[in-house]
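A lone chain, given as structure tokens: the form predicted alone.
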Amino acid sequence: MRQSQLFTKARREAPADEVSKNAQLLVRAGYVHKEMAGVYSYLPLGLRVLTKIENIIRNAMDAIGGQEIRMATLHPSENWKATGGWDAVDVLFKLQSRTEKEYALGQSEEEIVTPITAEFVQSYKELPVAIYQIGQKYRDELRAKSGIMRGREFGMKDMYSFHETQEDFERFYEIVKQAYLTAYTEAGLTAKVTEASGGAFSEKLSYEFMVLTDAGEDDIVYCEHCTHCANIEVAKEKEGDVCSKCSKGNLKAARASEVGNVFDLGQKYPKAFSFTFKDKEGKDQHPIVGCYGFGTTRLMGVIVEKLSDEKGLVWPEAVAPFAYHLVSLGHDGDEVSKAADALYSDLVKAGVEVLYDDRDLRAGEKFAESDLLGVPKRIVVGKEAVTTGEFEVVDRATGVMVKQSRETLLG
């Protein structure tokens, strides 16, 4: 993409009404546009990042047998009343149509996915089944804050699995857990599996996936010697205690941000919708249900909070909007501009994702904006590149510069 054709522009200053680092940088760099508190539109660069995050978790869920669907976000009130959620869920957006019918905006999908699955699953032979979607969620937060990390409208991957037995759910949970940890690593972060209360979703113990960051809203304790980690709200341990899991390490306290969760929903939702299947003896049983959330827009915000620096955004390669930011230092069709045009054309033909700054601006302006945008590698085309045939390639995260030939850049 030629930057001269990109309709969005970077800002010199952060918006005055944003206090979180992720919102300040994403708005400044032209990745998102704030509509109101807790609601953002994703612009071309931001959508490219979000789509890559979605594809990471999509591939992970497909690999373990998840089947993707697209569920409605406008829900009939009857479904929520059947489960008790209509009155019990305080963040539920409720709407009334001109026909006086009541609806809810989906803040989760149990009330939709359970009746869908019940229509197609009648026997134990058809279990387990795992169904997921990637889409928008709506929650009537009293205090939307932390930029895109806590909003009234946000993106999420949520999967629901249905099982014949509790043991089979626990088997599948371990598979999902490893898939989640791998997905977070691919996105450039390290997540900890944290014990927590089930909250409004389940009375049972749930698991949250936490990334350590001062911008987080949760307090956790964790062991550096093993994988034990717990949310302080439910933990029986405190900072400095010997780890109850390995008995070797001492617990440390930290702030963290939740980027995913797993709930054991038991049989609550199948019972609410009279969903049964025939077991091996031909008896009617309610399936065990698991719920697996993965915050796509929140993860984008956490990446910004965790990895950005004083110059701007720093995207991991797997989620960056482009692999290279090609910066031309030429003017008005001179030899430098022609060399940059030629390299851009070759990179595009080679299938390389590249943002080409072909604008007629001063070098300092281009470099500052390049740092703000956070593309992993910057290729600089100046007079030296024309004479030597080698290009300066700067790593955004480390600042290390190397010189590479056209052949090396094209792979």
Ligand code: ATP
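From 1 onward, residues are counted along the sequence shown. In this text, all values refer to a predicted model and were calculated from it rather than measured experimentally.
Beyond the structure shown, there is the form predicted together with the ligand, which is absent from this document and is the topic of what follows.
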*Considering only heavy atoms, tell me if residue 325 and the ligand come within 4.5 Å of each other in the model of the complex.*
no
*Taking heavy atoms and a 4.5 Å cut-off, does residue 229 contact the ligand in the model of the complex?*
no
*asked:* Residue-level contact is defined here as any heavy atom of the residue lying within 4.5 Å of the ligand in the model of the complex; does residue 298 satisfy this criterion?
replied: yes
*Wondering, does residue 131 line up within 4.5 Å of the ligand in the model of the complex on heavy atoms?*
no
*Give a yes or no on whether each residue among 380, 391 and 395 has a heavy atom within 4.5 Å of the ligand in the model of the complex.*
no
*Partner-proximal stretch of 220-228, 337-345, 304-312, 134-142 relative to the ligand in the model of the complex, 4.5 angstroms, heavy atom*: 134-142
*Only one of 163, 192, 286, 150 has a non-hydrogen atom within 4.5 angstroms of the ligand in the model of the complex; which is it?*
150
*Check each of 293, 270, 290, 321 and return the one that places a heavy atom within 4.5 angstroms of the ligand in the model of the complex.*
293
*Let me know which residues along 11-28 have a heavy atom within 4.5 Å of the ligand in the model of the complex, or say none if there are none.*
none
